[in-house]
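Single chain ahead, by itself, as structure tokens, in the form predicted on its own.
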Amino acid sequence: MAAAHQSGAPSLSARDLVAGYLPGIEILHGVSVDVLPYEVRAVLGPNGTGKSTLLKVLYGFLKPGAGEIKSGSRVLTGAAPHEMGGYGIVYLPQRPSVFPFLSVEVNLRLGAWRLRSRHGLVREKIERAFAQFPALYEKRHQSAGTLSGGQQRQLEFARSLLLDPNVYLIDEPTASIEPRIATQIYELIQGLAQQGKAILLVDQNIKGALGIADYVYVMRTGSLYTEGKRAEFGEDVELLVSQWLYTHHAPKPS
């Protein structure tokens, strides 16, 4: 978990979100979340409960039928995905989003397109990214599609860091990645929070997510089942959350 720190106001907040992919068919039923600096907030739940849909709504891929999204005092409800970078928000989807036929270095340069007129700064940021991810430096001239799944994830994180965002919306960061690399990814996410970033993490890996989470949202059938600080759930939180998620008659916590 992130080091203790006074988080302050949310970097991103959503209230009473209602959304779906087809008219009259709702996936989210009044979901509210806050994403705070210096915190990893984990969204847990079985498949089909609306976790990924929540991230897509927050990032503008899907417009809510009701509810409000704000960053500070700025209302972002209805904003388009291409505008989110300007608000300091990035989204890392579950499936790799690298350009597979372009080199690792070109992928990074494309991540810094908003700084393209500042060539020296772009070069400095890319050098810093390579220093943080030495495996990417070794393969900087290779096509990104030839990287392993874990290395492609590292490339996505490295690319996102070039614009120094405030908020990360991360969907299943370690899906289909070997445990050793998954551990590195979780350490990277935790490190981002310790630097003051606000993280909203959707994850099926309950143990991995809870290992770095400061706050937990548990979703069932498109609604928040329960939520609270990680410490409030006690020591056996993985078993407890599993019971809530997968046992139909599990009592809802007070």
Ligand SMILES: Nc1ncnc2c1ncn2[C@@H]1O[C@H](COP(=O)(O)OP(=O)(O)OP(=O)(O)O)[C@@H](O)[C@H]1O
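Predicted model only: the values in this text are computed from it and were never measured. We number the residues from 1 along the sequence you see.
Note that the form predicted in complex with this ligand isn't included here; everything after this is about it.
Engineer: E172 versus this ligand, in the predicted complex: is there a non-hydrogen atom within 4.5 Å?
Structural biologist: E172 belongs to the contact set for this ligand.
Engineer: Even though this ligand is not shown here, does I27 get within 4.5 Å of it in the predicted complex, heavy atoms only?
Structural biologist: Looking in the predicted complex, residue contacts with this ligand include I27, since a heavy atom lies within 4.5 Å.
Engineer: Classify G228 as contacting or not contacting this ligand in the predicted complex by the rule of any non-hydrogen atom within 4.5 angstroms, answering yes or no.
Structural biologist: Close contact is absent here: in the predicted complex, G228 is far from this ligand, nothing within 4.5 Å, heavy atoms only.
Engineer: Is S97 a contact residue for this ligand in the predicted complex, using a 4.5 Å heavy atom cut-off?
Structural biologist: The answer is no: S97 has no heavy atom within 4.5 Å of this ligand.
Engineer: May I ask you to choose, among R41, R220, K197, K56, the residue with a heavy atom within 4.5 Å of this ligand in the predicted complex?
Structural biologist: Here the answer is residue option K56.
Engineer: Of S32, S52, Q190, N205, which residue is found within 4.5 angstroms of this ligand in the predicted complex when only non-hydrogen atoms are counted?
Structural biologist: Here the answer is residue option S52.
Engineer: Which one of these stretches, 44-52, 181-189, 66-74, 209-217, sits within 4.5 Å of this ligand in the predicted complex when only heavy atoms are counted?
Structural biologist: Checking each option against the 4.5 Å cut-off leaves 44-52.
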